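Only one chain is included here, represented as structure tokens and corresponding to the form predicted on its own.
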Amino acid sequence: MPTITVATQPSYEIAITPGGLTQLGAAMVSAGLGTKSRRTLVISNPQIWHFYGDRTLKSLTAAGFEPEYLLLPAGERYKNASSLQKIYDAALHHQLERSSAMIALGGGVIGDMAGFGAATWLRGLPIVQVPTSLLAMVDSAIGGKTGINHPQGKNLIGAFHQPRLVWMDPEVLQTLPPREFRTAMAEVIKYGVIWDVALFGLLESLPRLDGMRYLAPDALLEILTRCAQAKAQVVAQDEKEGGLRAILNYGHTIGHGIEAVTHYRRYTHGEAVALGMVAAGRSPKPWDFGPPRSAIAKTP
């Protein structure tokens, strides 16, 4: 199955393994986790935990870890300081050490909050990203951007904290609500626009993009692989968004504004980004809403 290396310092692997959730514990051991502390804290939400919680715990226990878990409410409006405090409280209660790992089992909201919790508890714990949404798989689980929202704007509080491992199991997408799958395609299309012409051609060749049932397994695997490769290539060249990485924000300037003014209730992130890309494409100065021209010039 595809494995992509993200060449940051230190580097880490993105593994795309259908049915691989049961192998999570073993993969963490292979990544060097658990040698000093076996304690782990899995952070998820009730919806995801209902489907995948037991499987995750069994995988970790079988590999010798001592897992605990914390469930946080689902939704962008809960990506805030109150939820972050619950992560800190759980880390303290379960006596996590600097060699203990946090595991984000969920979509982008869980991944961002768990990543920020790991970045800041004891000045930095390992984080393992286990994305369960298409949006998280192609975007937020990769690259080390973590954070929470401020009442005045999205992702204003955060840190760069690269994961030790990104473990993707495409089969978990079978329980993803259709709207979430459909709107995540905005981020997939974004990679085709800004970076990967072949990916854009693949998307054009497919009969429909608005549901997992319309994609053959090999097509879905290629989409995940190409998006992960694109994100890895950009992040390796510009880990902390000093220039080129701004290209990944195409459509996001307006998109984040739409999310904020509608209080994260009317539109999903993907829908807001799609609107932002449409606006950028129609603007007489489209780069006012996306990456700088200097970044575009560096793309392959």
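Numbering starts at 1 and follows the sequence shown. Everything numeric in this text was worked out from a predicted model, so none of it was measured. We call the rigid core whatever largest set of C-alpha positions still superposes within 1.5 Å between the two forms.
Just so you know, the form predicted in complex with a small molecule exists too; it's not on screen, but the next bit is about it.
Only one segment in the set 75-83, 92-100, 221-229, 201-209 has any non-hydrogen atom within 4.5 angstroms of the small molecule in the predicted complex, and it is 75-83. Using a 4.5 angstroms threshold between heavy atoms, Gly108 counts as touching the small molecule in the predicted complex. Although the partner is absent here, Asn155 sits close enough that one of its heavy atoms falls within 4.5 Å of the small molecule in the predicted complex. For Tyr52, a non-hydrogen atom is located within 4.5 Å of the small molecule in the predicted complex, even though that partner is not displayed. The closest heavy atom approach of Leu176 to the small molecule in the predicted complex falls within 4.5 Å. Proximity to the small molecule in the predicted complex, defined as a heavy atom within 4.5 Å, holds among Gln237, Thr253, Asn45, Ser37 only for Asn45. Shown without its partner, this chain lists Ile194, Leu135, Ile127, Ile87 as candidates; in the predicted complex, only Leu135 has a non-hydrogen atom within 4.5 angstroms of the small molecule. Core-superposed comparison between this form and the one not shown: CA of His256 displaced by 2 Å or more.
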